[in-house]
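What follows is one chain in structure tokens, specifically the form predicted alone.
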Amino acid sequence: MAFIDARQIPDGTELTPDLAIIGGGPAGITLALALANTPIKMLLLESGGVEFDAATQALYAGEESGVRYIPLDATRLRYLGGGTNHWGGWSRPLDRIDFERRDWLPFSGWPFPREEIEPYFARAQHLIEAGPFLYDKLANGVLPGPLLPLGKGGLYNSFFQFSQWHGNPQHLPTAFGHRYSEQLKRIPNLQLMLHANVTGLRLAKDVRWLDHLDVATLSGRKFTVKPRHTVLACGGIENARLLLASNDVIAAGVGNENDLVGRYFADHAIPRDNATVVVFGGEIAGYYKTTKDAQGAHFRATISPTEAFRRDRQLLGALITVEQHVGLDALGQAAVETASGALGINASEAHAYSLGVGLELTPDPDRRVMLTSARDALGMPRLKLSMTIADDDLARYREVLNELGRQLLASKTGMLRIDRHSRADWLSVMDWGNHHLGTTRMHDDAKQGVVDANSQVHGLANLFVAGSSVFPTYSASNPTLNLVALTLRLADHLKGVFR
């Protein structure tokens, strides 16, 4: 079945699927694939087409304040496939500690442990095409070069795996829209509609039920979808915008009775060139600096704090990467000579590298997206992002770097220099992962979360949210593998709902 162009739907039409899926990114496509060949009649509504369109992309534009972030119309691509149209393929599962409530970390704790999504990791790994599910098990097999020796302590050699579109020699990551388009067309119980923008979630008079969706196209068509159940899968920013903007019945917006929608926004902070590491014994193995193949996986090494170290030192997630080869100034050379001499090590073949990192942020209710008075081409309120990063987040990472330096010296492998000190210094090299997290956070208590453990919006019997906007805490791991696993879990729950 061919995709449907919403611009050809007559004004005033009412469509009545069993399930409406709003958004054709990795979550929406995963859900459609997972519910294929079930009795559930699905309608997937995607704002864009199958390729980039500037007018559709402009719907994302908004304002920003606080810490410098990426322009909102540049941090996501608005066409079929969503964020997978421009992701780097970096993949890694969340750790057990990421699900735990930690007394020292306000607003932490998922409503279930990691074991709840573990059964879905293998299927998620298959969908993102990241090879066998190995990750840290890669260290137990044959690698193209030696692991960096680290003394006993709180950090260890860890691994990313990478999505790569099957049969693609350039190792390009899997773009869900292109990769799965033909498969989506063959699903008998799915209609996939392009250029269809949901502009309102309209509640029934008792406000316990989502009655219908308002849909519009940039060409001016308007029609209605009246589903039995709906899944919002537009991403961490647009999920919040649609809930907040649907304020005709509840002034605060759908699901926002406790003023939580749009709060706790997060991304992974990526301060570049934050430290310099020196390896005394020569060139570091290539898989620390770029991706390599081994054991059926396309992978890259990272250095990470152990879960025990994070608990003991009250640290957040950090995944350190070795980046560019750098030269040492006179002071650096003198430090290497002094350190290697004291350790009795020949450092004549020493190599120095800059370090990068992906950092987890502390949940912050004031880091949020809010509606503004400005309107887009569909008449929807645009957003303003208030971005924050706590000094404690940077301080916690400095403690991780200090431990790495200690372990390198303990193993007589190398040494480390922290290159960023003041807040301004850190922010001057700050980049972001383009990972939108937390704006519809998950919690069993409606006063602390927008959705419950089944991703159902509190107080609404037929509205669910898919994607990383439901993450209560964020880890340092890239979200796509994890949000796909979480969506597969939601699909199983919906099968029970429709039974």
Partner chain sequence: MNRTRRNVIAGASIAVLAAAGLGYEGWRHLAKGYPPTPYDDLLSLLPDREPAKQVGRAFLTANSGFVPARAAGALRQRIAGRPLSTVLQDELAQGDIIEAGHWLLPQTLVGLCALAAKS
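In this text, all values refer to a predicted model and were calculated from it rather than measured experimentally. Residue numbers count along the first chain shown, from 1.
Beyond the structure shown, there is the form predicted in complex with the partner chain, which is absent from this document and is the topic of what follows.
In plain terms, the part of the chain that comes close to the partner chain in the model of the complex, with a heavy atom within 4.5 Å, is 399 to 407 out of 369 to 377, 188 to 196, 228 to 236, 399 to 407.
Checking 218, 105, 335, 427 for any heavy atom within 4.5 Å of the partner chain in the model of the complex turns up a single hit: 335. 345 is the sole member of 150, 285, 143, 345 with a non-hydrogen atom within 4.5 Å of the partner chain in the model of the complex. The candidate spot formed by 173, 273 and 421 lies fully in contact with the partner chain in the model of the complex, as each residue has a heavy atom within 4.5 Å of it. Taking the partner from elsewhere, residue 314 is found to have every heavy atom lying beyond 4.5 Å of the partner chain in the model of the complex.
In the model of the complex, the partner chain sits within 4.5 Å of a heavy atom of residue 330. In the model of the complex, residue 183 stays away from the partner chain, with no heavy atom inside 4.5 Å. In the model of the complex, at least one heavy atom of residue 358 sits within 4.5 Å of the partner chain. Along 450 to 484, no residue reaches a heavy atom to within 4.5 Å of the partner chain in the model of the complex.
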